[in-house]
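Just the one chain here, the form predicted alone, laid out as structure tokens.
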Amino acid sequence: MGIIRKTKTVEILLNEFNKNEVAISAKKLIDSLGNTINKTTIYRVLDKLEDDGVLHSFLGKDGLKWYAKCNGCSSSKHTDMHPHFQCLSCGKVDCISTNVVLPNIPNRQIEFSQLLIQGKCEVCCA
């Protein structure tokens, strides 16, 4: 199920991702947009944007779900196989542009994988 039309709600959420180059947690979106858009609608639109290959999601520290813009994905295939970095000091989460080679596991077919790296970002290290 994908985005059929670009509603005002879809535009508001996409603007949040366009003005940030980092990942955004669902909790942060609800906290910042909760007065404008209800929580259920935010989750529904995030799911649709993910189905369309516009966003990808992953779990961060403490099991929070994070979303980031896709690069080259489509509704039929997500190609965002990359690690994510979460700063333990400031909380910033972003995508790391590097190739990750998954091992071949006998008698298994890998459909999805997540790699979360935690540490201090470039700002907090300085």
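We number the residues from 1 along the sequence you see. What you see is a predicted model, and the numbers here were worked out from it, not measured in a lab. For the two forms, the rigid core is made up of the largest set of C-alpha atoms that agree within 1.5 Å on superposition.
The following text describes the form predicted together with another copy of the chain, which does not appear among the structures shown.
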Non-hydrogen atom contact I30 with another copy of the chain in the predicted complex at 4.5 angstroms: no
is_contact(D94, another copy of the chain) in the predicted complex, heavy atom dist at most 4.5 Å: yes
Close approach of K19 to another copy of the chain in the predicted complex, 4.5 Å, heavy atom: no
Exercise: N15 in contact with another copy of the chain in the predicted complex, heavy atom 4.5 Å: no
Residues of stretch 107-125 in contact with another copy of the chain in the predicted complex (4.5 Å, non-hydrogen atom): N107, R108, Q109, I110, E111, F112, S113, Q114, L115, L116, I117, Q118, G119, K120, C121, E122, C125
Did I117 shift 2 Å or more between this form and the one not shown, C-alpha, core superposed: no
Post core alignment: R108 C-alpha displaced by 2 Å or more between this form and the one not shown: yes
